[in-house]
Structures are given as C-alpha cells and as structure tokens.
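For reference, the chain that follows is the form predicted on its own, supplied as structure tokens.
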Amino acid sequence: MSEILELKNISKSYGSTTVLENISFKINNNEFFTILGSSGSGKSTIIRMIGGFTKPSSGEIIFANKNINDEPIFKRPFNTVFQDYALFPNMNVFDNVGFGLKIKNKSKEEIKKNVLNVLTVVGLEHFSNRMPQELSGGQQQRVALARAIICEPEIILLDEPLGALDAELRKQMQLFLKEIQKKIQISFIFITHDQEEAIFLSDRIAVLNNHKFEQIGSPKDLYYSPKTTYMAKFFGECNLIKCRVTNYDSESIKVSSAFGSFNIPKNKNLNNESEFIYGIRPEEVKLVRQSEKSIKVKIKDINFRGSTSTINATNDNGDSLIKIQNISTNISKSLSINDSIDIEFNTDLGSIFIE
C-alpha cells in the first residue's frame, strides 16, 4: 500500500504550553486512519495542521514528496468535515454541496451532474432542495461529507464528526462512514475519543497520550499487544497484576502475585526475581473447576449485562481486584456475592510490562 502523507517530527506549542511533541506517522492510500485520545490531547491540532489552519512549531508535513508547511489551505488537496457541520444556513443542500465546484468556476452543467452523483452516493438524492435546518443531524453530516467528497480530495479530514449525534444515530453514521470510505477509495483521517468507534472504523489507530503517540497499529495489534500499561487500560479494559518471577525453567515461568502463583510462557525479558506488571484482558480470565493451576478468588459483585455478566472478584485479603468478563448468565445466576470461585488466565494472550 503506497504512502500518501507523512508527518515528520511535528511539535506544536502555544507560548510555554506544549500541545504536541515530536510526533511522526504516515498515511497510506485509501486508508481509514484514526487518531484516538482523550479530550485536550491534541487530536484536533493535528487535523488543523494537516488542513493548513495552523502551522507546526517544528517538523515537516510532507505530501507527494513536498514539504507543505507553508502551503495555503486552498492549495492543499484535502477537505475537512467538522463536528458542527459548518453548512451555509442560507443555502439548500444542492448549493451547499456544489459550493466548492462553484468557487472553482465549473460550469453549471458539470456542477449539477457532480452534485447529483455525490448526493446519490451519500443517499440524499431526494433532499437537494432542503435547507440545512430542515434536516436531521445525520442528514446534515451526510451533506457535510458530500461537500468534502465532491472536489475529489486526496484525503478527507474528519474532526470528531459524530460527536454531536445521539448514540443510535452515531452507530448508523459509523456504518455509513465505513461503507462510504471503501466505496469512494479516499484516505480518511478521523479523530475521536471513543475507543469502540476507533476499533470499528479503523484500518490503523494512533493513540495520543501526554503530547505524544503512545502506540500506532491495527485495532487488533493495539488490543492484543499493548506496549505500555497506559495502552492496556486506555484501549479496552485490562487487569494489571504486580508479579515476581519465582522459578524460571526451560518451558515456562512461575510467578507470584497477590492472587497466588501461576505459570506464564517463557519471556526473554524476564529472569529469576524479575518484577513486572502482568496484563490480562477480563475476557481472557476463565471460571474453572479447582485444579493445581487454578487461582481462588472471592466474588465482590456481579454486573448483569443480559446474556452475559461481569464478575468483580478479590484476593483473600480483599486488597486486590480482578475483573472476569463474558460470563454466561446461566452460570452467573448460580453465583452470589462472597462466593469463592476458581479462575485461570489464558496466558497465551497476556502481556508483560516491565516498568
């Protein structure tokens, strides 16, 4: 897959306030790339720098092997879709979508043909005469997307475009965005603070933390192979358990923890007496019958979630908590608070963090 855009060693500060610090990434052609981070992490600043609305304090934005740091907005082959849609309230849908072509002095016939084609793509072919205030939030978002598409940009920048929608409409628009991106084959750079949204939509995700990228990769890479405890907790849920190696042999490693002893696969970064954090996703903790390998815990509470339940359990001392997820309701309904249960970790999918 060919690269289309690169941000190289980008930093951005406002006076003494650092917003971004030495970030780098590349965007591939026809890729859905998401920048994920909490509020105030600098996500929108990245979009604004790519779009030309603000300049980096240092570093390079490279498109088609050319530094475009000083390139004006109108010369960049990118279009932006904002959270507030930014539709012209005095123009109908047709004129809003065709505005970019009108600015480029395209003929009326060409504008009409292209606008109707794009409205068909976004499913609004029967709404061309509507005014923005006559549309639902989802329809307004589609108009904003159509306006971004029509000038055939190389990249579409989406600045939390679904943030103003209610939960159900947001899910519908997620499906729409995913389908439309594959249909028109344009690279999307999407920013959000919603992990589930990022996982569903993205080919790759970059997670922002403390002004820098914590990790970049596919949703599966980030979920199953987090590189830091921050990633493990931020990108999904994860039990983080302090451990110490007590026996290291040729086949496995025995470790001790607040929950007792258990074995993990060999790891070249560990040796006898190593101390580390062991990360295990709640769905990779299983209820089992008592055995030599099982760990005994006590149920603190059970959260019913319909067909499945989540169990929060503690160790014998009650000072360490572990979450067990996706427990069949048929199993959990026979359990009660303070019951002792036996669990095992799927250690093939656990993570080692040495801090």
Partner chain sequence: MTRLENYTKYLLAGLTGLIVAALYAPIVLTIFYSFYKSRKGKVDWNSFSYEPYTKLIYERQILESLMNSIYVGVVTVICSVIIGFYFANYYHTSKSKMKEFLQFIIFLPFLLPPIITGLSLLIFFREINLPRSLNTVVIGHTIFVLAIVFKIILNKLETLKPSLMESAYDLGASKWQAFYYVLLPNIKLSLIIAGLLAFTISLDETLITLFLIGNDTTWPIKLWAKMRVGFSKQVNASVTLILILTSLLVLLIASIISRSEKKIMY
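Fair warning: this is a prediction, and the values are worked out from it, not measured in the lab. Positions refer to the first chain, counted from 1.
Here the subject shifts to the form predicted together with its partner chain, a form of this protein not shown in this document.
Residue in contact with its partner chain in the model of the complex (any heavy atom within 4.5 Å), chosen from 86, 169, 216, 240: 86.
Checked against its partner chain in the model of the complex, the residues 99, 235, 259, 278 give one hit for a heavy atom within 4.5 Å, which is 99. A residue is said to contact a partner when one of its heavy atoms sits within 4.5 Å of a partner heavy atom; residue 147 meets this definition for its partner chain in the model of the complex. Heavy atoms of residue 223 never reach within 4.5 Å of its partner chain in the model of the complex, leaving it off the interface. Heavy atoms of residue 133 reach within 4.5 Å of its partner chain in the model of the complex, making it an interface residue. Contact between residue 202 and its partner chain in the model of the complex is not found at the 4.5 Å heavy atom cutoff. Judged by heavy atoms within 4.5 Å of its partner chain in the model of the complex, the contact stretch among the candidates 294-302, 60-68, 314-322, 47-55 is 47-55. Residues 73, 74, 78, 79, 80, 82 are the ones in 62-82 with at least one heavy atom within 4.5 Å of its partner chain in the model of the complex, listed in sequence order.
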